[in-house]
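Both blocks below hold the same protein chain, though in two forms, and each is given as structure tokens: structure 1 and structure 2.
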Structure 1
Amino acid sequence: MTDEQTGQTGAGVGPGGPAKPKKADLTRRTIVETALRLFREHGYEGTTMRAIASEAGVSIGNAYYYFESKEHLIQAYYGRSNAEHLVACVDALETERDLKQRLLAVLYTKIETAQPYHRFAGQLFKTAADPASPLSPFSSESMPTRREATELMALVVEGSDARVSPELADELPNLLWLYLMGIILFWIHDDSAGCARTFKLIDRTADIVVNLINLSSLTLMRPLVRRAVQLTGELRALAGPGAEPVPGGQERSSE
């Protein structure tokens, strides 16, 4: 994960334990925290870099020194949100081997860690939904976060006891990431108490997804799986470089 994504830089660990954050680290973090607060309060379009700098107590030039634009601050938000999610699902991935339970843990924790930014995510969606926007989760600018999220999905599969069709293995992490994006889109529009409908959707669809993955290992299903994977590759090629796949995990043999 890059420093710009998380809003932090490595402070290092000294002989006496973790080193104190450097002034630059603290300034960067302050700018990110201030930006996220203003985005939540006034929306993405209603917040300027000048306002962020003023609230953070830094000069406008200093704000631009750390982050070239508001878009870079949003990428920092993406990175931090993803980092929080990775930490939240570590225990489940270390102890659970059932594919459905691993997938549920990752989906639940994603929504739980994102919940404080629910209203902000709805405001950001207006911009991120534009395919040409650098804030789109499919943009080249979002590739680092997309790569980490897809690698997480690879871990979900690799650490499970599931038998995955070799034809599907490499593409599966990317498909699971797309599934996660669909869940997030539903969550953005979910106005139920505690986003209960989103959790219900996760419960219902995770079972379907895992059953389809298990069916993919059947010999009779392999030609169909092969054609489906070929189709996704062709569609990605038509979509252009921004839609390049993230390498999946090692191939699993179902035999």
Structure 2
Amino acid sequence: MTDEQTGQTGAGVGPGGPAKPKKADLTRRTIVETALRLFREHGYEGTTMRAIASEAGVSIGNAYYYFESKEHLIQAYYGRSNAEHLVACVDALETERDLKQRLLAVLYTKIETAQPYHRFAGQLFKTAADPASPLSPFSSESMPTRREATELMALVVEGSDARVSPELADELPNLLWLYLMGIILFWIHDDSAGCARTFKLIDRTADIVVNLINLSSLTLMRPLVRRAVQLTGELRALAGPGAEPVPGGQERSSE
């Protein structure tokens, strides 16, 4: 499974197809593990491709045989990040029914699981910030990873006792995903001890978000809700034609 996932988030064009796990997969995995470890220890800029190749026991050219660029090594982080996060928050999602508690659980665990990577989080953002990059959260290449995250948000809402405006229901996972992106962005910039400021921000903003969701069915808010839905549509246009709303509660795609 982990092999399968890494393969999926690896360089799309490169080797490591669906064939049997073999020497190539081992090499690829070794390179990724080494890279992520060195990134954590020395930071992204402080880690050279030569160091990665050397410590992984391969040549510099071999590293590039598997990964298109140094930046693509970061892509391995995304898939792993989602997997770790899911493991960490699944219990809470099975026991909590209150929307705010569910949301808090997801947000807290996201930051907690990401914490070991805070050292190179700035580089994550810088890399993701390039609109032309396949690593951009809005890129079509990131679609699978993004879908996982929005489906998790759909679970947050679906398993809760909250009353959501029907107009909003389909778009809410995407809006919550954007909210999560905002939190992560704040976390990246947060240099307080243990990223305490981020957790405080989560508490504050989760309140606002849940209040807004609860208000969404009021007649007074109807026009605003409609516009928020349109806004997500505009933002989705950035990601190209495959970026459809997640039907709430639908069975996960096998991808």
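Residue numbering: sequential along structure 1, first residue numbered 1. Between two forms, the rigid core is defined as the largest C-alpha subset superposing within 1.5 Å. Bear in mind the structure is a predicted one, so any value in this text is a computation, not a measurement.
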| query | finding |
| --- | --- |
| Answer for which single form is the form predicted together with another copy of the chain | 2 |
| Cα displacement of residue 27 between structures 1 and 2 reaching 2 Å, rigid core superposed | yes |
| After fitting the core, residue 157 CA displacement of 2 Å or more between structures 1 and 2 | no |
| Rigid core superposed: residue 170 CA moves 2 Å or more between structures 1 and 2 | no |
| Distance moved by the residue 65 C-alpha between structures 1 and 2 (core-aligned, Å) | 6.1 |
